[in-house]
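The data below hold one chain only, encoded as structure tokens and taken in the form predicted on its own.
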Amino acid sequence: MMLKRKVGALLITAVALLGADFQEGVNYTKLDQPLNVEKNTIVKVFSFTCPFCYKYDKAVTEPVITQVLKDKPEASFEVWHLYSKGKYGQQGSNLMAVARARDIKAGITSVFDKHGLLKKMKFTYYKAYHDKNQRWDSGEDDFYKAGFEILGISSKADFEKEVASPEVQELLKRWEPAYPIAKIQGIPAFVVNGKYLLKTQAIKSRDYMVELVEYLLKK
């Protein structure tokens, strides 16, 4: 009995020390101006022009967040496109927001769903920009071409009408704080519970990131 109590005490101490290993200023930053999001929300700020965002989305983001949501089913995950980065940043945000609004309307809640338009949109522009070195120098219509094909939109007028819809405008409004967040340490940027920004340069492994996100969800 005594041995069990000692082992139990050691385990509790070990867990406490694990949490204590994460420190503000070292592993995460507390935002001066918290995001207006629900408790247990994890937000990722990204841009299709960002090479590190592409790398994270290819190998890190989905397995990490999937594990967190498995351990903490009460949590939710959102992705916010950064409108201010790149020549077609705002146009990219418009395409991503229309795709996300349609996913939500279709009942596709996960941004990782293989049938989701947002996931298809994101990787289409990631690949075009980083793998094929496309810069759409001939203009905005050229940039929109691939996005319109994904959305099944035939004219810019129809697209602009959909961008003006309340659902899409609500998403674009929600994503506006992406800019001040990106200014702190660049992107990708992960914010937990609206106020804890992960220091991505301190991320050593997927397991480390899972533990840090789950630790901050409890704070």
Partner chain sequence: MNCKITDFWRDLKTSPINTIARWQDARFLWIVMAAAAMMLLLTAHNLFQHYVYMAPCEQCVYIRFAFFCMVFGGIIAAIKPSQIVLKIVGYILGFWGIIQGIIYSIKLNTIHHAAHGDDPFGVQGCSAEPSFPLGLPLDSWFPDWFLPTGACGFDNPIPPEGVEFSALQQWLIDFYSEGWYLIPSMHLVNMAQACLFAFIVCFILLGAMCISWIIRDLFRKDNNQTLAE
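Worth saying up front: this structure is predicted, and the values here are computed from it rather than measured. Positions refer to the first chain, counted from 1.
Only in words, not in the display: the form predicted together with the partner chain, which the text now covers.
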Worksheet item: Is it the case that Pro51, Val60 and Asn133 all touch the partner chain in the predicted complex, with a non-hydrogen atom of each within 4.5 angstroms?
Response: yes
Worksheet item: Does the partner chain come within 4.5 Å of any heavy atom of Ala182 in the predicted complex?
Response: yes
Worksheet item: So in the predicted complex, does any heavy atom of Ser205 sit within 4.5 Å of the partner chain?
Response: yes
Worksheet item: Do Arg100 and the partner chain come within 4.5 Å of each other in the predicted complex, heavy atoms counted?
Response: no
Worksheet item: Hey, in the predicted complex, does Lys55 get a heavy atom within 4.5 angstroms of the partner chain?
Response: yes
Discussion item. Within 4.5 angstroms, counting heavy atoms, which one of the listed stretches 184-192, 36-44, 155-163, 65-73 is next to the partner chain in the predicted complex?
Written reply: 184-192
